[in-house]
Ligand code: GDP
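This document starts with one chain, in the form predicted alone, laid out as structure tokens.
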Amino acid sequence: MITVLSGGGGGAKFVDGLSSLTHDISVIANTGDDIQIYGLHVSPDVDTIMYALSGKIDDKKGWGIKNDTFVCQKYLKSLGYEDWISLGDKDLAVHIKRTELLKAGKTLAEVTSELCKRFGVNIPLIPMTDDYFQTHIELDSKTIHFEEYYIKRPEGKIKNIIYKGKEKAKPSEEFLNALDISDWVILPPSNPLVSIGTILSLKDIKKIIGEKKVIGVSPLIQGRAIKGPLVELMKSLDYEVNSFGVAKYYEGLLDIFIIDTMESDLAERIRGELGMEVFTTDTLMKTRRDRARLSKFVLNRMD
């Protein structure tokens, strides 16, 4: 059994590819991006993974439901609401259902399981925690939710990444159960700092994962991220902006690290300084075939 820790974006693509090869996996979704919008509980990474696994994701955007419309949000704007985040009509329906079920007393894990059934997703998709947890970005002038930072990209120097609720948030019971029956843990090419790091920050999770065999995939290719603010975040926290910097962030946790062929010159340094076994391959996932190819490469390293 395999447990995959994932955010949206590259993580969701990887999980989609992996699911085409094996169903012996559980996916733990980052909930640090969760936010209240229009009075609704929005779980961006949970939904991106769910939409990807169901085949309903808008591949051009990399988020949301394909062929969605935005009638409701346009009307909300006319009523004076901010529209810095794009939520389609079908997407809003999911958030309404989630919020209704949460208010009825169900946990986020229970709600996610019910939504997945409605989307035809059979692979366990598990929120990292049922508790309050939000990732915020501290700038030199203000502190804002990561989703707002991600979309608006406001000016200002990044001073810190804050995991709000970390002290009290506990890993969901379903998360712990998945780890208990897993031999391997995969850290896919998601943002290490604000997608994987959130999950690893939960109490005892690093210790538990440290007892497993762990394989990670770098999200950087030649010092560049496919999408998102990883480069800016790494620079702000004084990490090298390359796969060595990512490996350094995961130091002491990974047994195997997979980096893109274009960064093969870093392999020996990662082995020598950080003690990880390193393999190189093409990590770019433009198509579903690419997703399956990379996932197969990862699975073959587990033999």
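Residue numbers run from 1 along the displayed sequence. Values in this document were obtained by computation on a predicted structure and should not be read as measured data.
Omitted from view is the form predicted together with the named molecule, to which the following refers.
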Query raised in the report: Counting only non-hydrogen atoms and a 4.5 angstroms cut-off, does Thr283 reach the named molecule in the model of the complex?
Result: yes
Query raised in the report: How about Val94: is it within 4.5 Å of the named molecule in the model of the complex, going by heavy atoms?
Result: no
Query raised in the report: Would Asp45 count as a contact of the named molecule in the model of the complex, using a 4.5 angstroms cut-off between non-hydrogen atoms?
Result: yes
Query raised in the report: Given that the partner is absent here, does Thr112 sit within 4.5 Å of the named molecule in the model of the complex, heavy atoms only?
Result: no
Report summary line: Here the chain appears without its partner; judged in the model of the complex, the stretch of 222 to 230, 137 to 145, 84 to 92, 175 to 183 with heavy atoms within 4.5 Å of the named molecule is 222 to 230
Query raised in the report: Do all of Gly11, Tyr150 and Ser218 end up near the named molecule in the model of the complex, with near meaning a heavy atom within 4.5 Å?
Result: yes
